[in-house]
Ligand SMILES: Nc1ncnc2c1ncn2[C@@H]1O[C@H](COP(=O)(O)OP(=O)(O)OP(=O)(O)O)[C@@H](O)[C@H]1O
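Given as structure tokens, the chain that follows is alone and in the form predicted alone.
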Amino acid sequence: MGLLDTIKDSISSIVPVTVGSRSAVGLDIGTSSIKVVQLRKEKGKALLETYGEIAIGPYASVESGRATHPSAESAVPAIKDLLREANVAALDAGVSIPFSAAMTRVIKVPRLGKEQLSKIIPIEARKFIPMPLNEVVLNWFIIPERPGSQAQESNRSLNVFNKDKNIDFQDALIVAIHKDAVANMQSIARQTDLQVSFFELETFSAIRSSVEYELSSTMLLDIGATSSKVYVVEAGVLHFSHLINLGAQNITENIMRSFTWPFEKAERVKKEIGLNKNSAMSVFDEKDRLMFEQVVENAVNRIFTEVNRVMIGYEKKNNKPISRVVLSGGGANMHGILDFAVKKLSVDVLKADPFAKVHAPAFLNDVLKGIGPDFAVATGLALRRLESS
């Protein structure tokens, strides 16, 4: 497979790409592919200039589409090829940090000033971070109270202090990221032509591009190659996160074992058919069709059984329902997964549409909606840079 076969069509031939301080790049370095989005700020609006995706497998000497652990040796040449073929002209960029490299926790802290909290929170963080604090980058911020809520209303977060009724508490989100992960991304970035102005946990990038500001609880389910990430968001703020060590590649591997197919064939058939029974009927004979359907459904069911368990646990603990689920990541594009999710979770489910927050030629709407779940993180990164410029 040639290089161009691994990159999605660029729109740079339709929307002129300009170099300047108002253009920003979002670079999402995943385990199976790298995505890039370039946006330009014009009259207060974000304009999509170009986008692209490239499989990282061939650069790491594995099959296209197979997950790997991106190192500078494999990621740098892939990024350079992607930037060139997608005609990325801007240099100002934000780069994602994988969720697996971080820990997040909501705790209750006294209602004190920022200076006092900056001394208290690192001490309390040691209670749940299973490594020395000098090995992580620690960030925190106070979660704004929802309109009409009472200061002591929520019991969802961990109260790390004595339960003194005379102390007024508030919620704080703590994020600890492994320094090794940050260093790896910094090393990769230095060897590209990009001028990286920030690194951001992929969680926040995906939320920014894919979840609307609502007071009700929304779950964002990011189905990646090797894992699925669950985020619960209220009023645009992360309140809960959970990592599931099952992803879209597990489905491919189940197909491989059942049909003794090579990885690339199993991956291709999974993408072409997925959970679509009508498509399966036109490809397999009756016996193989039934086996294929069962294999795929069993693998997908394992993911959503865990998601359902997490959802029920969150709703019970916080005494509030999750109003909808938004699917993102490459696994969200599997045929039939939307209907499967609705039946399994018994809640409204929709696919992430990050490109809805940017302006692009109208005739590309269907294309951009189709690939949107793949580009949630990259789009969120570019949007952050534009917002700060």
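Throughout, we count residues from 1 along the sequence that is shown. No experiment lies behind these values; they were computed from the predicted model shown.
One more form of this protein, predicted in complex with this ligand, exists but is not displayed; see below.
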(request) Report the stretch among 119 to 127, 76 to 84, 244 to 252, 312 to 320 that approaches this ligand in the predicted complex to within 4.5 Å, counting heavy atoms only. (result) 244 to 252
(message) I'd like to check something about Ile188: if you look in the predicted complex, is any of its heavy atoms closer than or equal to 4.5 Å to a heavy atom of this ligand?
(response) no
(request) Determine whether any heavy atom of Arg105 comes within 4.5 Å of a heavy atom of this ligand in the predicted complex, and answer yes or no. (result) no
(message) With the partner left out here, check for me: in the predicted complex, does some heavy atom of Lys271 sit within 4.5 Å of this ligand?
(response) yes
(message) I'd like to check something about Lys229: if you look in the predicted complex, is any of its heavy atoms closer than or equal to 4.5 Å to a heavy atom of this ligand?
(response) yes
(request) Please state whether all three residues Ser32, Glu53 and Gly224 have a non-hydrogen atom within 4.5 angstroms of this ligand in the predicted complex. (result) yes
(message) Suppose contact means any heavy atom within 4.5 Å; which members of 319 to 345 contact this ligand in the predicted complex?
(response) Gly329, Gly330, Gly331, Asn333, Met334
